[in-house]
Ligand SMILES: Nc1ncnc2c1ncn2[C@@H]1O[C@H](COP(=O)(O)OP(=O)(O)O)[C@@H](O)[C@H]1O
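Only one chain is shown below, in C-alpha cells, and it's the form predicted on its own.
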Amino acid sequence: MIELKNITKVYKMGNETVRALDDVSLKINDGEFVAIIGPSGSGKSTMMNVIGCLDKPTSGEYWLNGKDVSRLRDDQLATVRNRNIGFVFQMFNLLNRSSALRNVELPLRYGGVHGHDLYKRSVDALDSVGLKDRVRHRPVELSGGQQQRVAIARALVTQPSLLLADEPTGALDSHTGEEILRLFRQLHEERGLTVVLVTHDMNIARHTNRIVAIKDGRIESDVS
C-alpha cells in the first residue's frame, strides 16, 4: 500500500538547511498496524506529513496504492487525501460550535456527498466508535475521550484505506488513552484497516504489530 523510495525532505530555516528526512525507504503493506516512533525533531512528523500527502518530498518517490503521488499538484493531493486517508490528531481539531454529527459530516461534504447518504454514513461512523447516542452533542458537552472518538469517526466516514494517527492519546489521561488504542486495534482487526500511528512513547507503540524507529531523519530500526 505504502512505499517510500529514497525520500529526502529538506527545509530552509534562514541560512540553515535542515534534512528532516534523509534518504528514507519504507514499505507498509495493506492491513498493517504500524507505529512510527522517535523523539522530538527525529523526522517522524515529517514522515507522517509525506505519507498523508500533506507535504511533498524534496526528492525520492512516494507510492500509495500503486500510484506515484510524490509529484502531484496540491489540488490532486487534496483529492487523494479526501478519498484515501483518514487523519486523527492529538488535539481533536473539532469545530466547537458544531455537533458531533456535523463534525463527522465535513469530509463527506467536501467530497460532494449530500442528503440521506450524508446523514446515514455519518451516523454509522459515530455508531462504529460507540457514540450513536451523542450525535447532537457539541464538543464542549463531550469528554476528551469522546471528542477523540468523534475525530476518529470523522476520519473513518469517507471509508479510507489508510488511517493516520498523530499522537492520538497525547491529550488524554492514561485510562482513556488505553481505550482509544483498543479502538484502533478493533478497527484494524475488524475492518482490515491499515493504521499508522505516530508517537514518541514506546508504551503506545507496543500496541501495534510493527515499530519503525526514526532518528535524525533516518530509519534506525524496523521491528515486527
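What you are looking at is a predicted structure, and each value in this text was computed from that prediction instead of being measured. Just count from 1 along the sequence shown to find any residue number.
What comes next is about the form predicted together with the named molecule, which is not displayed.
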- From 161, 70, 176, 45: within 4.5 Å of the named molecule in the predicted complex by heavy atoms is 45
- Item | in the predicted complex, the one of 204, 212, 24, 20 near the named molecule [non-hydrogen atom within 4.5 angstroms] | 20
- Within 4.5 Å of the named molecule in the predicted complex, heavy atom basis, the matching stretch of 176 to 184, 33 to 41, 152 to 160, 59 to 67 is 33 to 41
